[in-house]
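Presented below, as structure tokens, is a lone chain in the form predicted on its own.
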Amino acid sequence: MASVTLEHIKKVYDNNVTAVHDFNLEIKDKEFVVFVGPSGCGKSTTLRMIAGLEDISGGTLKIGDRIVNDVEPKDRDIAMVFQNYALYPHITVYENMAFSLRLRKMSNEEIYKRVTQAAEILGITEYLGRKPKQLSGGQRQRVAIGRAIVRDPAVFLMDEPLSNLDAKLRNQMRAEIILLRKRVDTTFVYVTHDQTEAMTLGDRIVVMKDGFIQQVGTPQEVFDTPINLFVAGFIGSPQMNFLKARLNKEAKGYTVELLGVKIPLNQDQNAALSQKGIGTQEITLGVRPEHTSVLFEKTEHAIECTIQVNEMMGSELHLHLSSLNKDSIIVRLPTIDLTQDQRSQLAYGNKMFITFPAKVMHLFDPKTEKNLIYS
């Protein structure tokens, strides 16, 4: 097993396009780290540099205590699972999984032991005699993972391994990767554009944008304390609501004012803002849909909205609202406690009121896009 250390890693292509800028990260031994971000953010390029499939333009890459910048991929003690499975179509599942071991000139007995153990872990024992074309997408992905397991590598690298699967199978395979991680206790580096995968799989998440690391933290840390607008909007589904508001520094403390409603901040928020010397200013207010409550009557601190769309999701409704100043707001509303009369009021064009406690509000500087409290 091994740690992975990236120190000032940089990738510049021949056309002078920089794909990864000054990437610094320490991945601990046996840690599961997920690189997440939109297409083109540099996450797969970073993974491929770890694997040795892309040259490193600058910086130092270590696996364990060994610098591997110029070490061939086969000598890095890593195994990689690709998005497109990359199985040999003309040989059986068993031979696909055994291929790298035969190259190492292992005995047939050892190969049999490793392949059958991996097949048992992944539940593909019955498919060992089949060829890849006889398998479903999920079964092929298990074979690709099994081919990596048999090598017993120091580091597992996984490049969007579930993106070719349908939604139901992705959910199933996510759970299986979580179980696999418990049985194969090694270091995992996983790349995805799906923030749900990142949240459910990772010990830590590395959120990337335009080749830069935006934030590194546990899933809970990144969800609860996003350090900028990009992270706040990228993590969470539906994404965080962003509203134009004003932060007021008053004698009794800070308040957030929007649409004529003033919401006092709590003690911790007041202390953080005061310590940073932040005064009255315009802000972007962030509130997650699940932290927003719907009211059927006007109360103190409640904000009037109009219903635009009502999406029925089964256990909850996704209400798309418009505020008086035309801000778009999404609310996740559980259906279990709604009366029939209340359901009838959730129709297009009807007036509603929303509210949220101070503790769930995120305050962003519109110019720097930084979180005024957590950054």
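A residue's number is simply how far along the shown sequence it sits, counting from 1. Here the structure is a predicted model, which means the values were calculated and not measured.
What follows is about the form predicted in complex with a small molecule, which we do not show.
Q: Taking 4.5 Å between heavy atoms as the contact cutoff, choose which of A358, A19, L25, I354 touches the small molecule in the predicted complex.
A: Exactly one residue meets the criterion: A19.
Q: Please check if E176 has a heavy atom lying within 4.5 Å of any heavy atom of the small molecule in the predicted complex.
A: Contact with the small molecule, no.
Q: Heavy atoms within 4.5 Å of the small molecule in the predicted complex: does G42 have any?
A: Flag for G42 set to yes.
Q: Look up in the predicted complex whether P334 has a non-hydrogen atom within 4.5 angstroms of the small molecule, and give yes or no.
A: Output for P334 is no: heavy atoms all beyond 4.5 Å of the small molecule.
Q: So in the predicted complex, does any heavy atom of E160 sit within 4.5 Å of the small molecule?
A: Yes, E160 sits close enough to the small molecule in the predicted complex that at least one of its heavy atoms falls within 4.5 Å.
Q: Looking at heavy atoms inside 4.5 Å, which stretch does the small molecule contact in the predicted complex, given the options 341-349, 57-65, 318-326, 43-51?
A: Contact-bearing stretch, as computed: 43-51.
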